[in-house]
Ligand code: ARG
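First, one chain by itself in structure tokens, the form predicted on its own.
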């Protein structure tokens, strides 16, 4: 397995009162290079895209998104600093200029596109359902969830999709995917909607208690996962797109996915 680059980690839960529609000043590429550091926001509870591990005695964020972010930093010749926060606050942090960009398994929608720039996409997915293991036989199609209590992560495409597809369901939104899984295990929710690749990771971690509903998925009307930056920062956007294009066209993105999927599975088997 490839050596994982060390990433500077700042663990901080930051919920700011600044409106996500407020666009403040951003740092130029010259500013970033002069400072020698670029800051990236993420929500590190989304394996294999981003999660935390102990590495060389330090709590470190690893995953697909930090790897892509490191490539952006490398192109600029600067240090990467990662700020771990709640998913729903990420757009605000970018628009307020508190970070230079973000990589957090984020998809585009009309509201976000008004205030941030999205890079080219590096992953396209679907939404899947997770339920208690002893109830999985009760579900065979999406309509079976119509009047259930459904858990989703705040600010995600799944939150919007649940509200759109299931107007008669009770939708419970939480900040962390791990909290959603615990709510499912304790009976607070009947089901959880997640990105299909992440479902596999959480099911593997909790195989005795939860299960994915096989063959039941929802199409996501979006352009896939992408990094985001300030609406006015076209220079940084160009660098981000260059990174995405290189890893996609070379096939390296598949290697990155494989690396972190295997790493997460290996860590779970050792627990």
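Since the structure is predicted, the reported quantities are computational estimates derived from the model, not experimental observations. Numbering follows the first chain given and starts at 1.
Beyond the structure shown, there is the form predicted in complex with arginine (ARG), which is absent from this document and is the topic of what follows.
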Legend entry - Heavy atom distance at most 4.5 Å to arginine (ARG) in the predicted complex, all of 107, 112 and 177: yes
Inset, instruction - Considering only heavy atoms, tell me if residue 190 and arginine (ARG) come within 4.5 Å of each other in the predicted complex. - result: no
Inset, instruction - Consider residue 116 of the chain shown here, and say whether it contacts arginine (ARG) in the predicted complex, taking contact as heavy atoms within 4.5 Å. - result: no
Inset, instruction - Using the partner position in the predicted complex, report whether residue 157 sits within 4.5 Å of arginine (ARG), counting heavy atoms only. - result: yes
Legend entry - Partner proximity in the predicted complex: residue 145 to arginine (ARG), non-hydrogen atom cutoff 4.5 Å: no
Legend entry - Which of 40-48, 242-250, 66-74, 228-236 sits within 4.5 Å of arginine (ARG) in the predicted complex, heavy atom basis: 40-48
Inset, instruction - Would you kindly say which of 83, 153, 95, 89 lies with a heavy atom within 4.5 Å of arginine (ARG) in the predicted complex? - result: 153
Inset, instruction - At a 4.5 angstroms cut-off on non-hydrogen atoms, which residues of 188-212 are near arginine (ARG) in the predicted complex? List them in order. - result: 195
